[in-house]
Ligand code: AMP
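Presented as structure tokens, the chain that follows is alone, the form predicted alone.
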């Protein structure tokens, strides 16, 4: 657990724009501009979402399987805000092995989480976070199909909107940006716990503001969140600067088997490796600990595209892909049943490594 990140709930309401219904901060709050990041969502959809939430007694929240910081952080932040409105809130993700990744156990709001078996079978109102397809909800997909109202909150370009309504903006750097907008429209002030979840989502999906998706609006949002009293150094340490010793051994094995294919992707180059579950089992390393390996492999100068295949506990291969911009990996992954962004996408494969890589190579072409 982090110390300062989860201290007393220090509420800060910062000035935003002059839309009707939006509040302003106290006289001592710094005057930070609100730079809109919701241009992809019609005003009528925001209004409808707010109406559904305000009229609900119980709200069921869900994020994608194997949740990252944006998925879980956004969902828990939204859950805390809705609980502040007096709503009964349950939250979950549809993994068979229901366990919060170690790197995210500092996030506030985990008391809202329930195992998939305890999740409402047919919620009156269900909201999903950072899931580009209903398949990404795993065990909670059936609940989504039976929900009377299903609001999809996401920023993936590959999301075509699978709910009864959608708050989808591919221009947002993270789902957390849409959730901050939603929380503000609900009239809930930011406090440190809510801000922690949103900040974790923002920095995760912008790569600590290194990715090309980082916008002025993203930096402005970060300023609002930090103003609540966040210890950003503590959050960074939890997300990126900790790992068990076994991680180093598994990483070493993955780097030993890494392949560089200069002729792939139309001559732009491909670097890839894989992590079988037997490697993790040797050190008792949970699956979520190997998620960040793609960020090491992708540094290769000679390759436009980087890929890491990670075998999960059920024997499926979770495929992470990254591009430097000249290859649209979202298109590749969508063709193989997944999705994501032009520079970062993924999918699940139930085929052997060699066959999976052959499928990918056939689709890797310059944009």
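Positions refer to the first chain, counted from 1. Since we're looking at a predicted model, the values are computed, not measured.
The protein also exists as the form predicted together with the named molecule; that form is not presented, and the subsequent description refers to it.
- Picking from 296-304, 319-327, 55-63, 42-50 the stretch near the named molecule in the predicted bound form, with a 4.5 Å limit on heavy atoms, gives 319-327.
- Contact check for residue 280: no non-hydrogen atom falls within 4.5 Å of the named molecule in the predicted bound form.
- In the predicted bound form, no heavy atom of residue 357 sits within 4.5 Å of the named molecule.
- Within this chain, residue 291 lines the site of the named molecule in the predicted bound form, having a heavy atom no more than 4.5 Å away.
- Interface membership of residue 69, defined by any non-hydrogen atom within 4.5 Å of the named molecule in the predicted bound form, is ruled out.
- Every residue of the trio 136, 344 and 347 has some heavy atom no more than 4.5 Å from the named molecule in the predicted bound form.
- Of all the residues from 235-267, none has a non-hydrogen atom no more than 4.5 Å from the named molecule in the predicted bound form.
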